[in-house]
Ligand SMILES: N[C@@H](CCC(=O)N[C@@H](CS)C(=O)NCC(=O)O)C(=O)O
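Have a look below at one chain only, the form predicted on its own, in structure tokens format.
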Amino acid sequence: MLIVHHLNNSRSQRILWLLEELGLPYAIKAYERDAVTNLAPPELKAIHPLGKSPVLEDDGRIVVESGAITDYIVRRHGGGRMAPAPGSDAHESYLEWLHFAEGSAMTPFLLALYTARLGDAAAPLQPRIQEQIGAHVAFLSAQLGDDDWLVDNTLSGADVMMSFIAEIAVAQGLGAHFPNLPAYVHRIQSRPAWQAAKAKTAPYNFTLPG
């Protein structure tokens, strides 16, 4: 059985959603953030040296990095679901989104989070960080356009990976500038599979009301 080493209120929530969409049996090994630092507990380092989540365990194989985990699950266990046909133009776009989510889009959000702890010392960096957040969110919004889903207007691992970016963008108020993003997040979070994943975990801070 697949095991997800899951940190509460984190990006690993989307991996649980993917597994629910595919109807795959899995178990959750839950970890709680430190109440003071909000960091992952040291117990995660027993699974992987970096001590980060998500971590996927499949019959002794350990897979880390959300994009790699999404790709692994879809290729190994998806049965042709949640990804365009390999070799197609749509599949190339799909792969771009898998890498874009963590390789580019998440970086300025993390910079904003970490530099906020520096107070006024980080002030010179903030305009550039906020510009980059806006640029990446604007790109996502433009690529989504009026479609329901990112690649061929069909739900795929690309949407799984980009769901967290859309959720935090909306949570930070950017939905007012890009109204298709709150609709996108609502579409994702209204899915029975997303709701099923949420019901199995601790409260998730990026859930839309209603």
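One rule holds for the numbers: they count along the sequence shown, beginning at 1. Predicted model only: the values in this text are computed from it and were never measured.
The discussion below concerns the form predicted together with the ligand, not included here.
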> What stretch, of 196 to 204, 21 to 29, 6 to 14, 183 to 191, brings heavy atoms to within 4.5 Å of the ligand in the predicted complex?
Replying inline: 6 to 14
> Is L39 one of the residues lying within 4.5 Å of the ligand in the predicted complex, judged by heavy atom distances?
Replying inline: yes
> Can P54 be called a contact residue for the ligand in the predicted complex at 4.5 Å between heavy atoms?
Replying inline: yes
> So, in the predicted complex, is S163 in contact with the ligand at a 4.5 angstroms heavy atom limit?
Replying inline: no
>> in the predicted complex, is there a heavy atom of the ligand that lies within 4.5 Å of any heavy atom of E96, even though the partner is absent here?
In response: no
> Taking heavy atoms and a 4.5 Å limit, what residues of 88 to 104 are near the ligand in the predicted complex?
Replying inline: E102
